[in-house]
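We begin with a single chain expressed as C-alpha cells, specifically the form predicted alone.
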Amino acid sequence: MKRWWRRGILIFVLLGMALLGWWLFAPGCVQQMPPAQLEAEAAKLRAPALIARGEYLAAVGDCAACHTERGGQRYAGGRVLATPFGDVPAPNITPDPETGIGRWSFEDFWRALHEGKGRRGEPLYPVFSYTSFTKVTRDDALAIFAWLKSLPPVHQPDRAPRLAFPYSVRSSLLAWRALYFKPGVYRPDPARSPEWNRGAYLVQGLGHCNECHTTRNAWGGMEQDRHLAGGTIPVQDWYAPDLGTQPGGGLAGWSSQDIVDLLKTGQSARGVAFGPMADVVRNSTQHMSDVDLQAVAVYLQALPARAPAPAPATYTQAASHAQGGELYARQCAACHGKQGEGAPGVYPPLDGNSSVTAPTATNAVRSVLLGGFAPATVGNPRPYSMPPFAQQLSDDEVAAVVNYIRQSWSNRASAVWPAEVGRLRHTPVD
C-alpha cells in the first residue's frame, strides 16, 4: 500500500511539473528573420574556410554517429537512440526545408545547442547531449551550422519518440532540466595552461565524453561529483571506464602518448578501442589534429587521483580457476601470451589492461561473447580482431575464463558469476 501511495504522489508531482512546463515551454510561433538578415547570414555561411572548420568540428563532436541511420544517408537522422525511458529517433539535420534544418536560422541552431530548445521553443530530450554542447562557443557553433547547411538536402521525415508515460509528456522535462542542466559556454581557467583549457573544452563540451564516462542516476542525470569517473552506458550495457590516469583511476599508468595513440589509431601499448568506443575512434577522434589530441591527453592526465577501490570479491572455487586456466591456454594464450603480455602492436596485453581490471567484468565478458573488433583507421587500416566465443563456450566457461584473466598475473579484479554472463549474452547489440 505504501509503495502505491508513494507512486501516486510521484505521478501527481510529475503531472504538476508537466503543466508548469507546458506553460513555460508552450511551443510558439517561429520567429521570422527579415529577408535582408537572412541573405546576410546565408552569405556568411557560404565562406569556404568556415565550412571547412565546421566539418572538422562536426567530426570532433561525432555528430554523424547519432544522426545517421545504419545504412542510411549521413546526417539524415533515423537512428533510434535507446534509453531506459524509451526510444528517441535522431532527427534529420541536413538542409532539407521540409524535413531537415533548411529553414533554421543560426539562432535556432544556437538555441538547440546551447539551451536544449527546439525551433519553436520546445524542450529537447537530453538524449541530444546539450548538457555538454552548451559549452560550445558561438563561433564554433556557427562553423558547424555552416557545414550542415552545405550538405546535400535529404528528404527524410523525422519519426516520433516512443517513450513511456510520464516521460512522453515533453513539458515534464522542466523538472529534469532544473535538476541536471545548467546552460553556459566554457570559460577558460586562467590558472591553467592554454593546452589544458583546450583539452577541457573538447572533453567537457564538443567531445561530450562525460555523457558516457560518468555514472547516471535513476532519472538519467549525471552524478556531477563523479566527473569522468566511469559508468555503465544505459541500455547498451557497456562499461565506459574511468578516464583518470592518476592512482586509482581507470587509466592509471597511461602516458599522454598512450591516450593519443588510442584516440588516433584505435590501438595503444595499453589496450585497444572496442565496443562503442571503437565507433567513436572510427567516426571522430582519428580525424582530430595531433594538437587537439595532445590537449585532450593533457587534460585527462590532470584529473585528480581517485579514492582507493575496496578489495574485490574473488572467485574462490579452485576447480573453476583451473578450468579458466585451461580455457585460456587453449583459446587465448596463442595471441595474448601465456602471461597475458600480448604482442606489441598486434594483440593487446591482458595483464594490467584497464578493460580487464575494470570495476565490472561487463566489457571482458562481452568481448569474449561477441569478439573484439578494433576500428579500422588511417593509422591502423587492418587491425587484428578477436573471434566471438558465444557459440563455443557456456556461461560457466565464459565466467571461468574471464575470472581467470581478471585474477591472474598482476590483475586483482572482482569475480563474475555465470548468471551475469547469461544476462549479458542476451543484451541487444546495436
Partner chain sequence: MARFGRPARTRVTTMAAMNSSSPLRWLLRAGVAVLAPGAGAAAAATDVPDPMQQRVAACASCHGARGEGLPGDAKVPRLAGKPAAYLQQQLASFQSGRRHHAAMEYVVRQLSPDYLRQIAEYFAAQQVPYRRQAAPAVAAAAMQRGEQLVRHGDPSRGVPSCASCHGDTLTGVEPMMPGLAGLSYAYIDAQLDAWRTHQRVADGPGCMVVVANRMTGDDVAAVAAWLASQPPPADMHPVPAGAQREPLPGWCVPGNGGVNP
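What you see is a predicted model; the values in this text were computed from it and never measured. Positions refer to the first chain, counted from 1.
As for the form predicted in complex with its partner chain, it is not shown, yet the points below apply to it.
Q267 is the sole member of S355, N210, Q267, T245 with a non-hydrogen atom lying within 4.5 angstroms of its partner chain in the model of the complex. Put simply, of C66, A376, L393, L45 only one has a heavy atom within 4.5 Å of its partner chain in the model of the complex, and it is A376.
For G275, a non-hydrogen atom is located within 4.5 Å of its partner chain in the model of the complex, even though that partner is not displayed. A residue is said to contact a partner when one of its heavy atoms sits within 4.5 Å of a partner heavy atom; A59 fails this definition for its partner chain in the model of the complex, lying far away. Taking the partner from elsewhere, L370 is found to have a heavy atom lying within 4.5 Å of its partner chain in the model of the complex. Residue contact check for C335: one or more of its heavy atoms lie within 4.5 Å of its partner chain in the model of the complex. Heavy atoms within 4.5 Å of its partner chain in the model of the complex are found in exactly one of 122 to 130, 341 to 349, 189 to 197, 95 to 103, that being 341 to 349. The three residues G78, K149 and H155 each lack any heavy atom within 4.5 Å of its partner chain in the model of the complex. Residues of 373 to 406 lying near its partner chain in the model of the complex, listed in sequence order, are F373, A374, P375, A376, G379, N380, P381, R382, P383, Y384, S385, M386, P387, P388, Q391, Q392, the criterion being any heavy atom within 4.5 Å.
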